[in-house]
Every structure is written in C-alpha cells, then in structure tokens.
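We begin with a single chain expressed as structure tokens, specifically the form predicted on its own.
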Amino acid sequence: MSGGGKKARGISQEGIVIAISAVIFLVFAVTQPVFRTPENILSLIQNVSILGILAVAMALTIIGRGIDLSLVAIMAVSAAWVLQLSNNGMPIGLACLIGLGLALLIGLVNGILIAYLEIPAIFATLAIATAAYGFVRSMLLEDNLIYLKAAQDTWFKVIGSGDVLGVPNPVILFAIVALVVHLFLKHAVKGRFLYAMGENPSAARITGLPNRPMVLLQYLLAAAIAFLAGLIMATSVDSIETRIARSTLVYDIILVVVIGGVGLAGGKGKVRNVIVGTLMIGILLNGMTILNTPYTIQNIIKSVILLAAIIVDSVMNPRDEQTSQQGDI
C-alpha cells in the first residue's frame, strides 16, 4: 500500500533527484567557493528546516489523498497569536497552548469540510487559508508583523535560536518531526490506514476503515506540525510576519513533496522522499542566492521544476477514474 520513490521501468524518481542534487551541489561547490564552506552548508540545512517540516505535514495529507493549502496560514497566524499573547503578559506556556488550540481548530475545520461535507481538499483548504488569515489578522492581532518582546531568556526563545553541540535546533527539530512521522506511517495502525485510504478510499471503506475520522486526523496532525514550524520561525528571528500566509511558500512546499517522490494521487510516498526533495530545493535556493539571482527568476525556475515534477508524477502514477471524479489534486 505504501511506496517510496516512484519507479518506472526500474528507474526511481528518488534516485534521480538524489543524483541531480549531487550534480547541482558539485557545480555550485566548484564554481562558488563560499558555497562549500562548512558555515554555508550548515546555514543551508538550517534555512530549509522550516520548509522541510511543513513539507512533512503536506506529505501526510497528500498520502491520504488530500492536500493542505492552509499550512502556511496556520503557521503564521497561530505563532503570531502566541507572540502577541506573551507580549501582553500571558505566561508563554499558556500562550503556546492557546496557539496550538487555534491551529488545531483550523485543522479541524479543514477536516470537517473535506470529510463530512465532501468539499475537494484543494478548494476547502484554500478558502480556509484566506479566511483564517483574514479573521485572525482583523480580530486577534494588532499588526501584521509581531515581535517577540517577552520571554527573551526562557526555553521558548531556544526553540528556534539555540543549538546542541553546534547543530541548530531547527535542524534537530526537523529531524525529530521527520522521525516521528516516519514511525507513525510505518508502524502505527493509523499510519497504515492512511496509506490504504489514499491508495483506494472505496476499498478502504468497504473493508471497514474509518475514512472520515482518518481525514480529520491527517489535517489535525498537519496543523500541529505547522504550528511547530511557526514557533521555530518566530523564535529564530524574534518575530513573525503574518503576510507570509499570502506568499508563494505553499508552492515551495508542494514542490518539495512532489519532486521528492510523494505521489499526488495518494497512497504513495515516505518521509525520506520529503527529505530528499528538501535538500535538493535547499541546495538550489542557496546556490541561486549566492549567485544573486533575482527573486523573480528564482520563482520562474521553481515553477518550471514544479511543472516538470507534476508531469513526471502523472506519468509514473497515472490517475485512476475514481481519482479524476473526486476533483482533488
């Protein structure tokens, strides 16, 4: 039921991506001396940690034959509310619990719309992303950019700015999230349910699998992971910009997931595919930044890669009739 890198005629997409990543890495390392320094390599991994964490959350929903375009909005508004509550005097632990509750509430709404009202995931989560950003920004937040003023010397600040033996905490947290989700998908009963539901929802329902509760679970898990990503981002730079919810970051997340080898049709993919995709995009973005490539050109390059990855996904994982009728991505 589960699958790793997609294969066609004995060729693994995961293997191809690893090979391409190695080539790109060598080209940048040879042509740009700054790129191959240990400091830059560590910075590269740290900079893509949040992207990787969000991509793990996205992979969970795609494996279950869905998609979540609200992840960036959840990350931004929930973390911003935590900072504002803390700045207004609330204990940081309580503020984090309230922020997590907000993230889970948005995830729950996503799950209900998709599982029980049967709205296609791509439309439901896109609408919720806009609604969540608009509501929280207008009703709960004082500004788009929220700075961390309180709790400067507490455990909270260490989440995104600390390190263990020289390894930045965002990198460690990315590894922990990846490991936990990997164990969930591989060994937990509900993780196997997720693959079964993604591969063939009708067959899963006939065999007695709780499809609708599983849809709720996958969007709740994705929201919780997005909240963690928000805390990491906020504590790494002492602020959170909620307008990131309206940026192109969500497309970078999809790019990482698809290019790594997680099938958009559902039921296929592993966490290692996300890690492979994250590293490739991280190497590419870091190299283009060193080369001072204009932001617009970077977006064009990423768009072309995403389109190519979707085409490859369509060839290696043909959509069945049922998938086409569902109307999701």
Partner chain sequence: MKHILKMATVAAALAAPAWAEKPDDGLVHESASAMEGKTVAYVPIAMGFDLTEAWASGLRKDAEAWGYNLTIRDPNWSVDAGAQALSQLITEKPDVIVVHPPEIQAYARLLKQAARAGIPVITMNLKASENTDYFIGADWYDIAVQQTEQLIEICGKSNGGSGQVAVIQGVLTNPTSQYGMMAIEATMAAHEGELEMVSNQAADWDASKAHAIATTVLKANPDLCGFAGMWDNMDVGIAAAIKEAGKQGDVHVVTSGGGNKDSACDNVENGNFDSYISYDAAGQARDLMMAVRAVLQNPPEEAAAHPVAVYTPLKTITKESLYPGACWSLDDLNTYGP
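Treat the numbers as computed from the prediction; the structure is a model and nothing was measured. Residue numbers count along the first chain shown, from 1. Here, rigid core means the biggest group of C-alpha atoms that superpose within 1.5 Å across both forms.
One more form of this protein exists, namely the form predicted in complex with the partner chain; it is left out here, but the text below deals with it.
In the model of the complex, the partner chain lies within 4.5 Å of some heavy atom of N286.
Although the partner is absent here, V34 lies within 4.5 Å of the partner chain in the model of the complex, judged by heavy atoms.
Residue contact check for R137: one or more of its heavy atoms lie within 4.5 Å of the partner chain in the model of the complex. Taking the partner from elsewhere, N144 is found to have a heavy atom lying within 4.5 Å of the partner chain in the model of the complex. Taking L105, V237, A175, V158 one by one, only a single residue has any non-hydrogen atom within 4.5 Å of the partner chain in the model of the complex, and it is V237. The contact residue chosen from M214, L100, L221, I244 relative to the partner chain in the model of the complex is I244, the criterion being a non-hydrogen atom within 4.5 angstroms. The partner is not shown here, but in the model of the complex the stretch 22 to 43 reaches within 4.5 angstroms of the partner chain through a heavy atom at V34, E39, N40, S43.
Relative to the superposed core, M288 shifts its CA atom by 2 Å or more between the shown form and the other one. After superposition on the rigid core, the Cα atom of N40 is displaced by 2 Å or more between the shown form and the other one.
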